[in-house]
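As structure tokens, one chain now follows by itself in the form predicted on its own.
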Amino acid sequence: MINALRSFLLAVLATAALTSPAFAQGAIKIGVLTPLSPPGDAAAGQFIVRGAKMAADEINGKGGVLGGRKIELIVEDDSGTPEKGAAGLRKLAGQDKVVAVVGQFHSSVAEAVQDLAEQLKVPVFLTQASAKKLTEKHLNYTFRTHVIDPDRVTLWNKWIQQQGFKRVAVLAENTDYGVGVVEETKKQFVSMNVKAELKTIIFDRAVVDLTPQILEIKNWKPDLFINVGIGTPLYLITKQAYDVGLFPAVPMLMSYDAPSRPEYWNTLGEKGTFATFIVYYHPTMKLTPRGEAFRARYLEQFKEQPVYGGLNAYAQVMLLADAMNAGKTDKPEDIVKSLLANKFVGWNGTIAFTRGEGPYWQQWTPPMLFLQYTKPEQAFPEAKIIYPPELKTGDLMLAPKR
């Protein structure tokens, strides 16, 4: 009788385990939709995937979410094109049944993805897509933990005023990001009363020779050149500006953080010396305990400083796990509610999403710093912070005449 009862109880427990939500539903899937091949910035996507995987490994190593369910990442390549981005999201939502998607890098891709995400009711996270219209739409399923382009432009306009530049040239790609930055710069030159002349040129991101545009800028004789290329175009502009003698004779500001990656010096060699560039992370920054632990693990595993895209993707996957635990659910619509109702630990501060005005809708913004390399092969941690004034560790250095 006792043995029969024991067998019955064991059978009941086994059946309960098999039909419990944790067992029946299995792993919780999160999509990583990011550029992993041209014409997208494939290097950026690789770092984003790296950070997301480190978050999933950490979560799973600590028992998973919602009482023991593992996080499974499904990685898709959007190639930096809206068409592939939309196709990738359809697969992730329809076939893979992900509960959310992180990793969006290119603004033009993010717009196609976010519109579809709204229809499919899947939260999508902008990891480095910065066009203001992405959050100006006030969509329920779009979240961003990255800078917004008007803030980027405001900062470089203040720097232009501080440095006393008189002739500023901008060469930008014909993407949502590039065109948006040019329009915002024109607008803010007026609203901020910037006492400088402005010349802007838009180029097709598919071209392989920008010498005519760069020579036109050189002949205009600017005292600041802003390089708004992303991925391959960024390097093409830099090389050709160097070859025609525009840079480094004229200071060049790169509009995002590609120079913080190991690929920078491998691609440009000495031609990358004296570039100024915008970053959102510097190795001297004090991070949250979560961020510090990530940095330590990253240094141990990869023997180099983390790149911002990896940090941000890591934090996005972690906050999704936190949101699911806080809301006790993995349903996408309930994850959205939890994201709006709670505060989360990020890599360098507390992340909270509010529905602010204009582009400040479901938006959290990291810091922005201007760095400069002043010698060939300079390590990223050794780059001087030249702006903003309260954080600077050095002044803008001009290159000696060649």
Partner chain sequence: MDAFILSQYVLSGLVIGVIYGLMALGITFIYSIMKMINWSMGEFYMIGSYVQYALLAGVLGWSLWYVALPVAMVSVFLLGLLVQRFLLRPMYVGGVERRDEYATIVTIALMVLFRNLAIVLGGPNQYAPRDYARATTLVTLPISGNRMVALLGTLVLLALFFLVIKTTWIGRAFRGAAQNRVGIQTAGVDVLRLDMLAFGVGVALAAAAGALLAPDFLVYPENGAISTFKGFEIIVIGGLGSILGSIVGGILLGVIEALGSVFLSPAYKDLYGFVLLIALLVFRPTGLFGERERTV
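Numbering follows the first chain given and starts at 1. As the structure is a prediction and not an experimental result, all values here were calculated from the model.
Only in words, not in the display: the form predicted in complex with its partner chain, which the text now covers.
None of 37 to 45, 50 to 58, 351 to 359, 368 to 376 except one has non-hydrogen atoms within 4.5 angstroms of its partner chain in the predicted bound form; the exception is 37 to 45. Here is the short version: of 156, 274, 298, 203, the single residue with a heavy atom within 4.5 Å of its partner chain in the predicted bound form is 203. Contact annotation: of the candidates 285, 215, 194, 75, the single residue with a non-hydrogen atom within 4.5 angstroms of its partner chain in the predicted bound form is 215. Contact check for residue 209: a non-hydrogen atom falls within 4.5 Å of its partner chain in the predicted bound form. By the criterion of a heavy atom within 4.5 Å, residue 236 is counted among the residues contacting its partner chain in the predicted bound form.
A residue is said to contact a partner when one of its heavy atoms sits within 4.5 Å of a partner heavy atom; residue 265 meets this definition for its partner chain in the predicted bound form. Using a 4.5 Å cutoff between non-hydrogen atoms, residue 243 counts as a contact of its partner chain in the predicted bound form. For a residue to qualify, one of its non-hydrogen atoms must sit within 4.5 Å of its partner chain in the predicted bound form; all three of 219, 232 and 269 qualify.
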